[in-house]
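Quick setup: one chain, the form predicted on its own, written in structure tokens, and binding and motion questions come after.
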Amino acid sequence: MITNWLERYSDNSRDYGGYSIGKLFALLNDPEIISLAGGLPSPDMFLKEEMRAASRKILQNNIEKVMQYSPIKGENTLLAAIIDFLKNDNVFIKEENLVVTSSGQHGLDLTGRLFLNQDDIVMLDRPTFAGAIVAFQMQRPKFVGIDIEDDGSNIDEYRKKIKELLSRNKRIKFIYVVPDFQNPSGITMSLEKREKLLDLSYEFEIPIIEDSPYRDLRYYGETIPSIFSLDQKRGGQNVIGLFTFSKLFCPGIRVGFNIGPAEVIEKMTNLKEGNVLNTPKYNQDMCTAFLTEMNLENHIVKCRNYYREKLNVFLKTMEEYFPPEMGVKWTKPEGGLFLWVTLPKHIDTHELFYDAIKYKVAFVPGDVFFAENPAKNHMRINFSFASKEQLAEAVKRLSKCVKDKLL
């Protein structure tokens, strides 16, 4: 009888703890708790009737194919639909530059598996998407974080750190960024910084991983070209783009896609062969219908209007219940699903999380969004899921909770 499974685990998995945010959700079963924690799109924006109609059509016409294995790279119809969709954002690719993934998280996993060995360097912003951190952690790299600024990545500090690392013969595998309405901060990288980040990439031959889950959810300001499109415009092949249908369509469908140089995508497809093998055809067909049959442009406009209203309610209530003397600051995003709240330095938001539950409100403690040397006095807020009335009430409850910590 085996009595010690731990010694049989691989070095990569033995100390791997998974996604800490998911574990926090287990504490939120009380229906009276207003959760600002999860990155959930609102069910009000789900295209329910359109999905029912598309589902009936798919199952009626192709049920045998739906129940069968499908091409590993992705269904031809979805590949074609994605290629056309990306043209609207001045991104021009061929099938050889594209692989369908089983969610954005799968896309991150493939990226980590492809590029990282133990102790390789991953450079990223502080804070950054916790899901990317846990995806890359499986390969046991070293993370080097650079504090983000109000207009995105601090390019000057990236340059300094890159030079320092290279002088010590450290191998930097890639720079990971979420340039549009970043999770968790809501910050958008300026055009100038996107261009300068590309300059760094070319100068030091470091790939850029551009994660774009929220790009279409812009509520204010002008759309800024993606780093991928800027790279293409310069004739480069230094950027790999990661996408998901989770935020704009629905997370339950678990479909995304990665784009990049043909040789990179070929290797990612090889990894997918030994990973999930294929993304379910039904899910892919639903995404094809979403892109081609569900009035996508109108849906995006509706999403923008709907989430803009929620963001405005949240920001207005924050101004009312967190006056300047409380020493609390927050970002004011132009889009996306999140904003970042900074509390006085003596407040540990991981501890505050458990106090907040007593006040029937929840958030995500900010420390999970740091790959190393976490700051303890931040929290991520999601404004997309709760109703406008719940958002206002949640801010009031959160204010009471924080005020008690300030006494």
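Rigid core: the largest C-alpha set superposing within 1.5 Å between the two forms. The shown structure was predicted, so the numbers you read here are calculated from the model rather than taken from an experiment. Residue numbers run from 1 along the displayed sequence.
Below, we turn to the form predicted in complex with another copy of the chain, even though it does not appear here.
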* To do: Answer for Phe115 alone: is it within 4.5 Å of another copy of the chain in the predicted complex, judged on heavy atom distances?
  => yes
* Partner contact for Phe385 in the predicted complex: another copy of the chain, 4.5 angstroms, heavy atom -> yes
* Quick one: does Lys345 come within 4.5 Å of another copy of the chain in the predicted complex, counting heavy atoms only? -> no
* Touches another copy of the chain in the predicted complex: Lys267 (any heavy atom, 4.5 Å) -> yes
* Kindly confirm or deny that Met1, Lys247 and Tyr282 each have some heavy atom within 4.5 angstroms of another copy of the chain in the predicted complex. => yes
* Asked: What stretch, of 131-139, 148-156, 187-195, 325-333, brings heavy atoms to within 4.5 Å of another copy of the chain in the predicted complex?
  -> 131-139
* Structure fact -> The listed residue (Arg254, Arg126, Lys310, Arg215) that reaches within 4.5 Å of another copy of the chain in the predicted complex by any heavy atom is Arg254
* Asked: Taking heavy atoms and a 4.5 Å limit, what residues of 27-57 are near another copy of the chain in the predicted complex?
  -> Gly39, Leu40, Pro41, Pro43, Phe46, Leu47, Lys48, Met51, Arg52, Ser55
* Asked: Can a Cα shift of no less than 2 Å be assigned to Ala392 between the shown form and the other one, given superposition on the rigid core?
  -> no
* Superpose the two forms on their rigid core, then report whether the C-alpha of Arg14 is displaced by 2 angstroms or more between the shown form and the other one. => no
